[in-house]
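Next up is one chain by itself, shown in structure tokens, the form predicted alone.
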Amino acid sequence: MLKILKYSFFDLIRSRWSIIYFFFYFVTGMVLLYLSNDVSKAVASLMNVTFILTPLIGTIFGVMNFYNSREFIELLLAQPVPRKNIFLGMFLGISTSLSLSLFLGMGLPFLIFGTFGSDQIMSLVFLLISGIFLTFIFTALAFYIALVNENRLKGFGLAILIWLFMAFIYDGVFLLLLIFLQEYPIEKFAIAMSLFNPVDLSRILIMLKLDISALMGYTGAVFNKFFGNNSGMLISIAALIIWSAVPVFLILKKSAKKDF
């Protein structure tokens, strides 16, 4: 598994798209810090970009890498190698390379500007944690969708639809439900709904650290009010861990029975 992970990691980390991904966050971070010279404002601006772009990149790379590596997968399956090692190694290689590009691209500008001694630097740490979680979650979801659907067009379209739903549509539907149910006590319902969207959970995690509930929408404000800072962070992180583990479990379960 480690050999497959290493191959997938270096194969993707050398690609032009990983380099572009790295430089995008690097240049964005440098510009934001140069213009504002305020860690909290830079993190808040990066947050809006990260929670849209990071899941999208994980989705696209997860689907494309699986379909483009299909012949390589068939070759490995012909060898005496456990299936779970093949698919887990490939998934971890993709996710780790994307996470490294995100970590370096977002972290280096703050290191260059010498802001790691700031009181607000922990907000950057939580943003990096959220971004890495989203990378693993959406890469795993895309990998599983590609594993289930042999039709490339169908698999790619379904993966993009899930990203679109989580990033944009979910909050709109959620808001409509809250409007229709406004005459009822809906705080617990809002908390439960928030747990079913990793993008919302990541927003909540940063919101609890930056204390900017006005920018995070209704779900974040309710979560902050209901749980408070410490317990809210723990619940958010625990839910993100579950979100990361479940797709991986589905990948391993499906790959054990998949007929190639």
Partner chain sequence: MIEIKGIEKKFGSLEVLKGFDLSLSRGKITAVLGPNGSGKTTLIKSILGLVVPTVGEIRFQGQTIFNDWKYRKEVGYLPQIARFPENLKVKELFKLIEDIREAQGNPEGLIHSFGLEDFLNKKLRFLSGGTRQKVNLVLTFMFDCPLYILDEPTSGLDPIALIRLKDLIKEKKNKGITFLVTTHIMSLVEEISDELIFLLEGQVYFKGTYVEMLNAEKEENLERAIANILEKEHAKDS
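This structure is a prediction, so every number in the text was calculated from the model and none was measured. Numbering follows the first chain given and starts at 1.
If you look for the form predicted together with its partner chain, you will not find it shown, but the lines that follow are about it.
- Although the partner is absent from this view, Glu71 contacts its partner chain in the model of the complex, with a non-hydrogen atom inside 4.5 angstroms.
- In the model of the complex, its partner chain lies within 4.5 Å of some heavy atom of Leu76.
- When contacts are judged by a 4.5 Å heavy atom cut-off, Leu161 does not count as touching its partner chain in the model of the complex.
- Lys258 belongs to the set of residues with a heavy atom inside 4.5 Å of its partner chain in the model of the complex.
- Taking a 4.5 Å heavy atom cutoff to its partner chain in the model of the complex, the contact residue among Val125, Leu104, Leu177, Val81 is Val81.
- With the partner left out here, its partner chain still marks one of 153-161, 81-89, 133-141, 94-102 in the model of the complex; by a 4.5 Å heavy atom cut-off that stretch is 81-89.
- If you take 1-28 and check each residue for a heavy atom within 4.5 Å of its partner chain in the model of the complex, you get Lys3, Tyr7, in sequence order.
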